[in-house]
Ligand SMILES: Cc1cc2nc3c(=O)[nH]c(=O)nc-3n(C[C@H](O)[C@H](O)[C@H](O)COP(=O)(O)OP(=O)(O)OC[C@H]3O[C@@H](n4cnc5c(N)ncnc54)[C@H](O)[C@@H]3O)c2cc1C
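Heads up, the chain below is alone and in the form predicted alone; it's given as structure tokens.
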């Protein structure tokens, strides 16, 4: 089936006090793997290490949330194609089926010298190998006038959950003829096609509810973006006059925003009294890996292309958005694929079991209108300096409606497959 095929190619219930660890005597107990972050990278790695080691490795997942809301397919929630519950998944089966310990606390720090993770309450969890999949942190100072204190007025919704619901509520409140402004992020950022699929879903929600005279203005700091020709063709076809993309040479820079007056100032024009302003700021790896000295000057973490181990510490593996994964984009599919490679290599190291050369894959689907989905992706392999694309593909401009509908069937099947792969 398409969902299983894509998943296979691609790649919190307990109190923390009970897992406080004394110094390890490795000859007397199971090797310990600790996973920080329960998203597409972390949940997948925890599951596969626990499942494939058949109890030989003790796996602890440090994740404060009881459930995970996926950023991938959150745009379909905005467009009315999915409910919030359909993009939210609990960790229960990871605990009950694979014996993973779920510690519902924040991981505050990594003590690399002692090989311990410091939790929010000050207790420590020891590890033999550490998997870190912390996702992104937002650079709140990257848009003048906007900060963390303004994210409920001008939401980013680039970390799924309550922010996604805030953005949906604001979108539903937009009146016909009003203006939405999206400030798109600079490279590198989570999910390259994501902002533009979001605009497509916003436009669909407006048009299908009789608000087709509204405007969506995209202020982009980039000269071009992922699947640009495909998105712009779709906007012209399905939402003429509703979507306008402005690159940096046109808007002359985003100078500031004012959340009190819902104003956005560019070098070219000032947009006043906006009904909705979606600020997607610049991004970096999660704070915990930066504090641990695992990131470089880019704000993201170099890795060994052969196994996803940190270039700074072979006992730590860094997955997903936080890593510098060469030609692979920052996506849920990529994180899932990387997690399976890391899980295989970690199990091989700790149990002296067989491993295989790393192979990676990714596909990013984007719904642009009902039954019209485009995709981009590829296969990747490790080279000495980085993960390199071995083969890539991209939807074409002249595809038939039947083909696009089939691509959407793939998209839905992949989501069902990857979430089952992560959480069951």
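A quick note: this is a predicted structure, and the numbers were derived from the prediction, not measured. Positions refer to the first chain, counted from 1.
The same protein also exists as the form predicted together with the named molecule; that form is not shown, yet it is the one meant from here on.
- Of the candidate stretches 395-403, 48-56, 34-42, 378-386, only 34-42 has residues whose heavy atoms lie within 4.5 Å of the named molecule in the predicted bound form.
- Note on contacts: among 146, 158, 239, 77, the single residue with a heavy atom within 4.5 Å of the named molecule in the predicted bound form is 158.
- The listed set 191, 217, 203, 316 contains one residue whose heavy atoms approach the named molecule in the predicted bound form to within 4.5 Å, identified as 191.
- When contacts are defined as a non-hydrogen atom within 4.5 Å, all of 107, 134 and 335 contact the named molecule in the predicted bound form.
- Although the partner is absent here, residue 292 lies well away from the named molecule in the predicted bound form, with no heavy atom inside 4.5 Å.
- Using a 4.5 angstroms threshold between heavy atoms, residue 30 stays clear of the named molecule in the predicted bound form.
- Interface residue remark: residue 63 is counted as part of the site for the named molecule in the predicted bound form, having a heavy atom within 4.5 Å.
- Of the heavy atoms in residue 288, some are within 4.5 Å of the named molecule in the predicted bound form.
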